[in-house]
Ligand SMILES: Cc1cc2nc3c(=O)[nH]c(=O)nc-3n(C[C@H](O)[C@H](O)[C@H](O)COP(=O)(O)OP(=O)(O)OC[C@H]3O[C@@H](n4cnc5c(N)ncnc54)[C@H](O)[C@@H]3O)c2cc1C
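Take a look at this single chain in structure tokens; it is the form predicted alone.
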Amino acid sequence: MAKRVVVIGTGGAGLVAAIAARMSGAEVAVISKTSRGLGTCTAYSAGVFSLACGGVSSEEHYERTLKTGQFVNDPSLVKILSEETETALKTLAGWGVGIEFKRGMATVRFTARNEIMGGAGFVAELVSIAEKAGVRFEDWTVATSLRLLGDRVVGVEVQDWRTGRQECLGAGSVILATGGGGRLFSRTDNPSRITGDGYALALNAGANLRDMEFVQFYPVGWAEPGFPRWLADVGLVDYLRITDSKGDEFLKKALKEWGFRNGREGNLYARDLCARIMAEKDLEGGVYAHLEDLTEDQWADPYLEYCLTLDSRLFKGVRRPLRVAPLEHYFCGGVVIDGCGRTSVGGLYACGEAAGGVDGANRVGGNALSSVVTFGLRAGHAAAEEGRSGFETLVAGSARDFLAISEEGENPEKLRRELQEEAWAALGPIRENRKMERFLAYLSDFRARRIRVDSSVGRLQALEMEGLFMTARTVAEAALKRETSLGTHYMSGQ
């Protein structure tokens, strides 16, 4: 009987891992909460990789990644990233993925459908390759728990959120590639389905997490009423004034004081510092991007459009300052893994944003997609080679509701928005002990709430609630233990 690998998640990490496992001879099933590949952070990424190539050495990339991560990173994982990403990307190119290499970076953005979904073309190519390789997809399905036999994973409990149908997929090994937990926060650029599912699945199975206090907030996000809640590249500061309410160009001054030449470098290596000062100025009266500064020649510059991140036509008639503020972007922490994505639980692997250790206290811009590919390949090959033969299906376990379901319960969308607002206030870019302690008390009460499910979307939101809750609790507990500011974890007054 062939070895069977179940992959949870269809972003870049999950798709690369699935293809690698299939090419290693395993039967592969991939679980996706949406239509395969859509609704993932990879699809909505800029489509840019940072790596050692084109004159940038692996030693340079290694040192820069450790320094940006405040040396909290796992050096062995960073070494793999720095030494293997170029080869990993060339492997994907050999599969038929379109990739362009430049100095210190690579891009798949030229295959993108639009400015917002810079990685969508990349994801679409991977989905096509996986389908042709014989990977089986379970779309519109939520992984609700991992089935264990002793200390080893033997299956995944799943539910079709449209119909409520439950089953258990037998597995010789399971790869968590669920992304982060960005939708815990009210201000985020993450798609709606990024709800910390992998963290909850790992914790409930007995795996360990690390560095969960380090949540990266992107410094510049559109905060103008009526505009999409989306980021703008820090490089925007190289084109126009970004000022506080008093008109001071504080961000440009700060970048120079920190030793960065421009916003481009700040975007790569100083997101933590930029987000911190942006959040402080936002609380003092707001931060504004002065689009009225832009000339017609600048509007014709392709890099300006890249920095705006949204279609430039949305801004062409705007000749006034627009409010900007930080938003949640990425989880630097995650499941503890070794160099092949193995966790402390037998047969369980993790890769991509679901895994921790690569980024430390702050991530280098562009390293996320590099990690997705490098460790997706390694986890896929290891899971296929080390896994066991799995049954096609196992008898489904009894349904496990995180919050009690009742006709008198609360609307899941309303409950979710409340949790997001509370999380932003307690765990956002600027943190205080008393707020985090109060948030943990809130979570204790939250656990006793009841929820009402009267639609398929309501069922999906109910199924996502445990991931959001456990992510919130884990971040808050980790943040309280780290008493001083470091990287993306910033305590007020320090």
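All figures in this text were calculated on a predicted structure; none of them were measured in a lab. The first residue of the shown sequence is 1; numbering continues from there.
This protein has a second form, the form predicted in complex with this ligand, left out of what is shown; the following refers to that one.
Asker: To verify the annotation, which of these, M436, L66, I451, V48, has a non-hydrogen atom within 4.5 Å of this ligand in the predicted complex?
Answerer: Of the candidates M436, L66, I451, V48, V48 is the one lying within 4.5 Å of this ligand in the predicted complex.
Asker: Which residue among A171, A177, A379, V215 has a heavy atom within 4.5 angstroms of this ligand in the predicted complex?
Answerer: Flagged contact: A177.
Asker: Quick one: find which of 294 to 302, 247 to 255, 188 to 196, 74 to 82 has residues within 4.5 Å of this ligand in the predicted complex by heavy atom distance.
Answerer: Looking at the partner contacts, the answer comes out as 188 to 196.
Asker: Even though this ligand is not shown here, does G366 get within 4.5 Å of it in the predicted complex, heavy atoms only?
Answerer: Result yes; G366 sits at the interface with this ligand in the predicted complex.
Asker: Against this ligand in the predicted complex, would L468 count as a contact residue? Criterion: heavy atoms within 4.5 Å.
Answerer: No, L468 is distant from the partner.
Asker: Decide whether A13 counts as a contact residue for this ligand in the predicted complex under a heavy atom distance cut-off of 4.5 Å.
Answerer: Although this ligand is absent here, A13 would touch it in the predicted complex, with heavy atoms inside 4.5 Å.
Asker: Does G352 reach this ligand in the predicted complex, with heavy atoms at most 4.5 Å apart?
Answerer: Judged by the heavy-atom cut-off of 4.5 Å, G352 is in contact with this ligand in the predicted complex.
Asker: Hey, which residues along 297 to 332 are within 4.5 angstroms of this ligand in the predicted complex, non-hydrogen atoms only?
Answerer: Residues within 4.5 Å: H329, Y330.
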